[in-house]
Ligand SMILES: O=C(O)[C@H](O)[C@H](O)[C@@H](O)CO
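Here we start with a single chain on its own, the form predicted alone, put down as structure tokens.
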Amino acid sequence: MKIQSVRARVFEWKGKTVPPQANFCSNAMDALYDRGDSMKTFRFHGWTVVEIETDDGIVGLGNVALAPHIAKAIIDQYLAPLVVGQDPWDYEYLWQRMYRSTLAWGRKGVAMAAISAVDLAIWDILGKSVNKPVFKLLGGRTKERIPCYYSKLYRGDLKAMQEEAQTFLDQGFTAFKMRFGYGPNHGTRGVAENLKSVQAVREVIGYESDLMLECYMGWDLDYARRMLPKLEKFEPRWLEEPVIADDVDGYAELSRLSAIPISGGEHEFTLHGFRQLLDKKAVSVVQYDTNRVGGITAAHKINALCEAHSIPVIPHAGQMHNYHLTMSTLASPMSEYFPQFDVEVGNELFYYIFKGEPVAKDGFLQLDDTLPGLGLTLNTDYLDQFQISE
């Protein structure tokens, strides 16, 4: 079996979107004086879809949500020539070939995300070629089903947040993640608003459910130092990405300061990046995303590294490429979960591009032992709402 062709297409959503709201989610752009829609650059309304076909007709699907037009150009010009004509079972060799040939300008960011998309498609081929789901190739089933946490509690009207939390509590979820809407530039009023939102959600879910708090890189080290003691009474399971991803020493300091676990890794890349986080004891929870970190080939190694350090892995954003890794390792106790919803930040777009994503029931996800590969197909129901670029 040899790889015969690589096709990368950009799917840009042109359908209905939820209008942006002020203080919807703190983020790294909040540090600048230009307010506007600070979340604009963190909305993913376009995805690159990769289809790799073998000489015996198997088609593997991969995807990347970062800078889709740039990712497509990288795949078309640099990565496709490296894998065409090769045996997909030589996946480690192919990964190293892509990684090492792009080191001068790649290593992280969109270049690694592009490598991830190709790697995902290769693993989809491997599963389909032996009629096994990908998680069976990675170690098999380590859980009867996957616990998941509800992750769409963005900052808004507090009553609406409470109603949303109650709705999914009633559906059987026992873990929830909410976003802060305020950071250092909002002063003491922002501090008060952040604390009010945590209190509001805790009033609904109580202390028998887990609550995770996300900053999305919207705080700085000084602000995080001041917030941690104020948050301890709410007993969060973790505080996510309190500072920008490059401030590894800042993460390490915050991890030493408080009993609240610090999580991160959504914006980290490759085994080397996570070795640095763990060596510095910077995070207590790792949250890579398989379609950014280097694909399944890289993520599988990161799982082993984290297991050796007794650090749990809870991948970012849900989605099938992450669920297969969660199912196949004891290092990963649960998954993030977004329900299908109108397109807002962009995580929802996965449902509009692909079919096969499992739907949570009673706070758990299930993977099919008989569904080969990643278990995804292209969703043709919404093609008329995308602009598709070849």
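Please read all numbers here as calculations on a predicted model, not as lab measurements. Sequential numbering from 1, following the sequence displayed.
In what follows, reference is made to the form predicted in complex with this ligand, a form of this protein that is not presented.
J.: Please state whether every one of the three residues 266, 316 and 347 places a non-hydrogen atom within 4.5 angstroms of this ligand in the model of the complex.
T.: Spot residues vs this ligand: full contact, yes.
J.: Using a 4.5 Å heavy atom cut-off, state whether residue 30 contacts this ligand in the model of the complex.
T.: Flag for residue 30 set to no.
J.: Could you tell me if residue 78 has a non-hydrogen atom within 4.5 Å of this ligand in the model of the complex?
T.: Result no; residue 78 lies far from this ligand in the model of the complex.
J.: Would you please decide whether residue 25 lies within 4.5 angstroms of this ligand in the model of the complex, comparing each non-hydrogen atom pair?
T.: Contact check for residue 25: yes, within 4.5 Å of this ligand in the model of the complex.
J.: Can you check whether residue 177 is within 4.5 Å of this ligand in the model of the complex, heavy atom basis?
T.: It does: once this ligand is placed as it appears in the model of the complex, residue 177 has a heavy atom within 4.5 Å of it.
J.: I need the one stretch from 146-154, 274-282, 98-106, 194-202 whose residues put non-hydrogen atoms within 4.5 angstroms of this ligand in the model of the complex.
T.: Heavy atoms within 4.5 Å of this ligand in the model of the complex occur in 146-154.
J.: Given a 4.5 Å distance limit between heavy atoms, list every residue of 190-225 close to this ligand in the model of the complex, or none if there are none.
T.: If the 4.5 Å heavy-atom criterion is applied to this ligand in the model of the complex, 190-225 yields 214, 216.
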